[in-house]
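Take a look at this one chain, the form predicted on its own, written out in structure tokens.
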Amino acid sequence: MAKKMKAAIFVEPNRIVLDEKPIPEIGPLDALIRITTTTICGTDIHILKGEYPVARGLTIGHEPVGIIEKLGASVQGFKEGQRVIAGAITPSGHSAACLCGCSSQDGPGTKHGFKGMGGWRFGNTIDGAQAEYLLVPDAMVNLAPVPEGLTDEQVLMCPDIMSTGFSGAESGNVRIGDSVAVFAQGPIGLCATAGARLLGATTIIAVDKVAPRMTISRKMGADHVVDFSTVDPVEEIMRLTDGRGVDVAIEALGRQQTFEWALRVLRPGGALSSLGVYSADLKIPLDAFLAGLGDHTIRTTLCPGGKERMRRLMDVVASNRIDARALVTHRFKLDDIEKAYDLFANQRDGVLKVAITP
């Protein structure tokens, strides 16, 4: 009989429970890692609420930090006992998408009516990281050794939150001297703020209404913080930019309202970089879109994965260019993950990210 492990399992909408499953059997190109720290993502809450469909019985989670327990027979360049992370997106390295330079989109193409879910497999199409053990496919492409001296919590944001947030700034093509507005300062928005600063933006305007998040936003690189509960954010951003609008607007929430605001603050020829996961159809207002004549770019992004992306992000952490530890506000044992979901889904007690340890 296969040995068992604890895992957070999707049962039905509004029910993710801790239960037991067999420890995965690995193939020749896979690795089994023993999870030492993981976390809950906003996308997991979409799954919990039934807004993003996954198979019943699936283990949730896509942000693993752990230790290699077992390597597939064909895996080279790694050793058992090594500390590693794997990105939330796990490309194969040899698909058409990978060879076209868009490895995030390496996937089956269509799932549950969605197209382009790409290489997001953990907690989506295969069992995920909120468990004691995790099977990592295509291990040589996706495992990245954790540098000496970095703690689990220092690298916990790399698999998804930091990679996604930074990619918001990268996809918007932020340049030296740019003005950037970031709508929502949750974990991804905070990392987008930090990414814009790293890429050279000199006026970064963060939009939120939660006081602790606005405080952290300044630490992550925001020059101005706009409280949308007290002022009209579009009017305030236009005032701060002397009526020019911003070069890049980053939408990091996945709501119609924030998407519209982002569109309305763009300068002519500006870029809207969309990171939010949307759960309803978007409408593009005619006036904000300038009837399609504004030379605007609207760019969507799926979190970049793979070991080289993870190495670069961990180098950013190791060089002290970013300290994402402030994003971890709560800590739970895996045994208490249902409580962690309740806290995170309801955004109580100033939660940003939770660290889950088996």
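Residue numbers run from 1 along the displayed sequence. Predicted, not measured: the structure shown is a model, and the values here were computed from it.
What comes next is about the form predicted together with a further copy of the same chain, which is not displayed.
Under a 4.5 angstroms non-hydrogen atom cutoff, a further copy of the same chain in the model of the complex has F166 among its neighbouring residues. Although the partner is absent here, D315 sits close enough that one of its heavy atoms falls within 4.5 Å of a further copy of the same chain in the model of the complex. Taking the partner from elsewhere, G123 is found to have every heavy atom lying beyond 4.5 Å of a further copy of the same chain in the model of the complex. Remark: K219 does not count among the residues lining a further copy of the same chain in the model of the complex, judged by a heavy atom distance of 4.5 Å or less. Among the residues T230, Q257, T215, T202, the one placing a heavy atom within 4.5 Å of a further copy of the same chain in the model of the complex is T202. Between a further copy of the same chain and the residues V225, V210, L150, V277, the one pair within 4.5 Å by heavy atoms in the model of the complex involves V277. Note that among 129-137, 80-88, 150-158, 174-182, the stretch whose heavy atoms approach a further copy of the same chain to within 4.5 Å in the model of the complex is 174-182.
Residues of 229-248 that come within 4.5 Å of a further copy of the same chain in the model of the complex, judged by any heavy atom, are R244, D247 in sequence order.
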